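Encoded as structure tokens, the following chain is the form predicted alone, with no partner shown.
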């Protein structure tokens, strides 16, 4: 709950602020002495701690930390804590598994088991904040919804989680420091992002309808319809859209594919940024694009006037990079 919602439940905003101050100190607000006794008894009578626990942790050579989060029903998810350039980013999951069946993603092999609650989403961020402090990482600054699951398939919990994360009396994370990544499930769901004040990234990977259906076989809408919904969101919010392209050798990394993408993104004008990432290992039947193919693809987009960067993978040594999370702690 946000501080205002918690205050309404506990009978006063002061009690709610006490709870969050205790949490931010690293104290258990349910324990005697953490709050005034009256506030604590109200809390114990109305609320319970989020039942999740930190499991196995793996650290890559670049300092990226992958952590298994064990949920109360026996399921588990993975989150990733990424220290870089004086700040730490946490990559959170929104579901146990995913139903989108992307052919390049290890999470797809799990299938969808269930969606997470807003509390389980926020718990990952608070856990990352504590871990970054304990390990003397840079301050936690950014949250990216790029872990296990499709955020638009769990939108109510994601929206509530964002509200809690951005609450100035709580974790106080600026909305501009939060990014939601989606395959773009339906035009209606995409349009619902107009009211969510965070950065949005479209996990696109190709501008060809036939190929995209092979890469994301659960898609039921034409790319042009999804694109036009994103254009409306961008125009309504006067914001940027980040387009994510996982480049796969011999599949979507040729010059013709780059030209088609450039044509496809024209309606966004200057409000689009393209992120290129050679496919990370995990799905044995697919291979990452070679550097020369990636370079030619990027140069084609730059010559067409697009801002296009090559993202460096983080956490490969811990199977913590994009598309590698499976909730197994391996």
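Residue numbers count along the first chain shown, from 1. Remember, it's a predicted structure, so these values are computed and weren't measured experimentally.
In what follows, reference is made to the form predicted together with a small molecule, a form of this protein that is not presented.
Using heavy atoms only and a 4.5 Å cut-off, decide whether all three of 90, 178 and 199 touch the small molecule in the predicted complex. Zero of three within 4.5 Å in the predicted complex.
### Task
Choose one stretch from 187 to 195, 241 to 249, 77 to 85, 111 to 119: the one whose residues place a heavy atom within 4.5 angstroms of the small molecule in the predicted complex.
Contact-bearing stretch, as computed: 241 to 249.
Tell me, yes or no, whether residue 123 is in contact with the small molecule in the predicted complex, where a contact means a heavy atom of each within 4.5 Å. Result no; residue 123 lies far from the small molecule in the predicted complex.
Using a 4.5 angstroms cut-off on non-hydrogen atoms, would residue 69 count as touching the small molecule in the predicted complex? Looking in the predicted complex, residue contacts with the small molecule do not include residue 69, since no heavy atom lies within 4.5 Å.
Is there a non-hydrogen atom of residue 143 within 4.5 angstroms of a non-hydrogen atom of the small molecule in the predicted complex?
No, residue 143 sits far enough from the small molecule in the predicted complex that none of its heavy atoms falls within 4.5 Å.
With a cut-off of 4.5 Å between heavy atoms, is residue 230 one of the residues that contacts the small molecule in the predicted complex? No, no contact at 4.5 Å.
Quiz item: Among the candidate residues 35, 272, 277, 261, which is the single one with a non-hydrogen atom no more than 4.5 Å from the small molecule in the predicted complex?
Solution: The residue from 35, 272, 277, 261 that makes the contact is 277.
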